[in-house]
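One chain comes next, on its own, written out as C-alpha cells in the form predicted alone.
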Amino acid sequence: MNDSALLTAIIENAIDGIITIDDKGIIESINPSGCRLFGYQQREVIGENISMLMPEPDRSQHDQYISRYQETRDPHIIGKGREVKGKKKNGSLFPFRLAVSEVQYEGRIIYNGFIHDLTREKNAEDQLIEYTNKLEQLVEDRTERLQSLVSELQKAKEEVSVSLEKEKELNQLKSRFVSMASHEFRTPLSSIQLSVSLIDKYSIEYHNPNIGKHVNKIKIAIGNLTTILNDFLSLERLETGIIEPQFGPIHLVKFAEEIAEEMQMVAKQNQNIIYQHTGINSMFNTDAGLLKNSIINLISNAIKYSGENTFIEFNTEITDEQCFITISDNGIGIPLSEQKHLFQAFFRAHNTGNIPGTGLGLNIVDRYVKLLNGEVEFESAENKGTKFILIFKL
C-alpha cells in the first residue's frame, strides 16, 4: 500500500470528523465520520461553503473570519483548538472541539479541520451540573429545615422551661397547702376528738345507748379524716423527696406488740388482731417511723375491708438473712384483674363500694418499704381475703 492509499484509509476510518476547505471556505472533502456527525452525504456538502455547517452568528461571519486571517495573519481558530457548535442537517446543534490547521499544497492554501464530538461529555457535564444543583438545593432545603427544627426545639425548650417553672411553683404551692391544711385540720380534729371523749364520759350516767352509738360514729369519722390527712401529708413528703430513712436497731417483738395493741383499739366489734413472732432473733435495723406507718396502714386496711367477728393475723419472723412481716385477713379481697394496679396512687378496686379511703395507702407503703431497701409481696382473691408480706434483707 502506497503512502497516498494509507493516508486515505486513515482519514476514511478516523473516529473524528475531518473536513478540508479552500481559501474561500468551500468544502473540498469530508470523511465518513464528519458526514455522520452532521447528517449529510458527501455529495451534499462537497462544493458548498463550510458555513452551511454552522449556526448563527458564525454562519454569516465565517467568510470574514477567513478574509481577516488572510489579511492580518492573526489567528482566532487556525492553529488553535476551541469548542464550537455545529449545525446538523435536521437543524439541531451539537458541541464539538474544532482544531484547524493551514496547509500549503501545490501552490494553494487548504484549511484542514478536525472535529471531535463533545456531545457525550457535555451531556455528562450538564448532568453533573444538574445533580450538583439538586444536591445544593437539597442541602439548602435540609439546612433550612434543620434551622427551623433548631428554632422549634429552642422554642419548645423555652416552653418546657416555663412549664417546669410553673410546675415547680405549683408543687411548692401544693406542698405549702398540704402542710398548712394538715396542721390546720389537726387542731380542730383534736378538739373534736377531746370533746367527743368528754361527751362519752359524761353521758354514762344517762344510760342512753344512742349517745354512745353516735359518739362512736363521730370517733370513726375523725379517724377516717385523720387517716386521709396522714396519707396526703405522707404523699407530699414522698413527692418532694424530703423523706430520708434514719436506720437504727429496734426490738421487733416489742415494736410489733405495741402496734397490735394500738390497732386493737380501733378494730371493729369482735375483730381480733393476733400477733405472733417466729424465731429466736428479735433485733432488726430499720427506720422505726416508716416501718410503723407501713404496718399500721396494712392493718388499717385489714380492719376496714374485713367484717366484724373476724381475725387479723399479724406475724413477724427474722431469719439469718431476711426479716418477714406478714398481715393477712379474711376480707373482701382484691379482684384478680385489678391487682396489677394495686400500688398506683389513688387506685381503689371496684369492690370497695362505700368503704372510705383515698387509694393512697398501698402506694405509700410500697414507697416506704423501698426506701427501707425492702419489697412488698401479696396474695389475694376476691371474697377470700388478702395477705401482705414485707420482706427486708438483713
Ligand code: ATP
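Residue positions are given as counts along the sequence shown, with the first one as 1. Keep in mind the model is a prediction, meaning the values are calculated, not measured.
As for the form predicted together with adenosine-5'-triphosphate (ATP), it is not shown, yet the points below apply to it.
Engineer: The chain here is shown without adenosine-5'-triphosphate (ATP). Which stretch in 139 to 147, 262 to 270, 293 to 301, 84 to 92 comes within 4.5 angstroms of it in the predicted complex, by heavy atom distance?
Structural biologist: Heavy-atom contact with the partner occurs in 293 to 301.
Engineer: Using 4.5 Å between non-hydrogen atoms, is residue 305 touching adenosine-5'-triphosphate (ATP) in the predicted complex?
Structural biologist: Yes, contact at 4.5 Å.
Engineer: So in the predicted complex, is adenosine-5'-triphosphate (ATP) close enough to residue 348 to count as touching (4.5 Å, heavy atoms)?
Structural biologist: It does: once adenosine-5'-triphosphate (ATP) is placed as it appears in the predicted complex, residue 348 has a heavy atom within 4.5 Å of it.
Engineer: With the partner left out of view, is residue 34 within 4.5 angstroms of adenosine-5'-triphosphate (ATP) in the predicted complex by any non-hydrogen atom?
Structural biologist: No, residue 34 is distant from the partner.
Engineer: Could you tell me if residue 49 has a non-hydrogen atom within 4.5 Å of adenosine-5'-triphosphate (ATP) in the predicted complex?
Structural biologist: No.
Engineer: Quick one: from 337, 42, 60, 352, grab the residue that has a heavy atom within 4.5 Å of adenosine-5'-triphosphate (ATP) in the predicted complex.
Structural biologist: Filtering the options by heavy-atom distance leaves 352.
Engineer: Exactly one of 53, 362, 325, 27 has a non-hydrogen atom within 4.5 Å of adenosine-5'-triphosphate (ATP) in the predicted complex; which residue is it?
Structural biologist: Spelling it out, the residue with a heavy atom inside the cut-off is 362.
Engineer: For a quick check, can you give me the residues of 314 to 339 that have a heavy atom within 4.5 Å of adenosine-5'-triphosphate (ATP) in the predicted complex?
Structural biologist: The stretch touches the partner through 329, 332, 333, 334.
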